[in-house]
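A single chain, nothing else alongside it, follows as structure tokens in the form predicted on its own.
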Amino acid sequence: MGRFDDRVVLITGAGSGIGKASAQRISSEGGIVVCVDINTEQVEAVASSIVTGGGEALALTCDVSDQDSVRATVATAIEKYGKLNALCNIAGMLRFDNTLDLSLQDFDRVMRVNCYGVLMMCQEAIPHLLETKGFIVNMASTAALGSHAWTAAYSASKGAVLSLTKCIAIEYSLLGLNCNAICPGGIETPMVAGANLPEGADERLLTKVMLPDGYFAPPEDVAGVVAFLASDDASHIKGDFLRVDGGLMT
């Protein structure tokens, strides 16, 4: 018997990286996975692979920065399965900018995806999660805990996610909702691989975000923690965060 038998888990950012690995991990433990991503082709491929492997999954295209899209996504999941046991907010974006060159438009775009998207998903999902005494797992970052050069927008958004996680956790704790966050360090994902340093960046500052051995962990390492925090095994952990950074912040 799996930890997620007969449980419905909605995962944003499920088309690649940590979201994809988390969908596969939770499915392997019996979960019904609602795979959500802005990239239709990628998310349908992930859901299809889960179904081919004997699991149950639904692929939904959603822009988490758009409130109408978020509302429609959660409504579709509820219409299909009738309940929601866990929400894993993993969708995100990363960009590097010299702070003096960072436009308000670019700052707002990062905030809308990384922070507003988490808020809107939680707002739509919480009424259903209260019915199941469910779980929320939000993806923050070590960028919210330490000093990372060129990530003013990203770090601010992830710091906001941490604070939002704590607020939701305490506000709904007496009603049975469980909400926590994860702070990964360097993880091998398309998001990280696709980010470019700004012109003139002094690469010596990268030592602030790199492990001593230069190792970047696979997304599966974080997926295991996602599954833990979305399960009854984490029922007595509320409003906290777990670092998955190989000791980077130690």
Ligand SMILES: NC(=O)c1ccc[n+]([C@@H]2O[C@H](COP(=O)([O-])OP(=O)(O)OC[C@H]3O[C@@H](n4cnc5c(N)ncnc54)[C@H](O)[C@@H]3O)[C@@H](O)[C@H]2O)c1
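Numbers for residues come from their place in the sequence shown, where the first is 1. Predicted model, so just to flag it, every value in this text is computed and none were measured.
What follows is about the form predicted in complex with the named molecule, which we do not show.
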{"property": "Interface segment, criterion being heavy atoms within 4.5 Å of the named molecule in the model of the complex, picked from 89-97, 76-84, 171-179, 122-130", "result": "89-97"}
{"property": "Triple contact flag I18, R109 and K158 to the named molecule in the model of the complex, non-hydrogen atom at 4.5 angstroms", "result": "yes"}
{"property": "I187 within 4.5 Å of the named molecule in the model of the complex, heavy atoms", "result": "yes"}
{"property": "Interface membership of A140, the named molecule in the model of the complex, 4.5 Å heavy atom rule", "result": "yes"}
{"property": "Residue contact check: V33 to the named molecule in the model of the complex, 4.5 Å heavy atom", "result": "no"}
{"property": "Heavy atom of W150 within 4.5 Å of the named molecule in the model of the complex", "result": "no"}
{"property": "Contacts with the named molecule in the model of the complex - residues in 221-250 whose heavy atoms fall within 4.5 Å", "result": "none"}
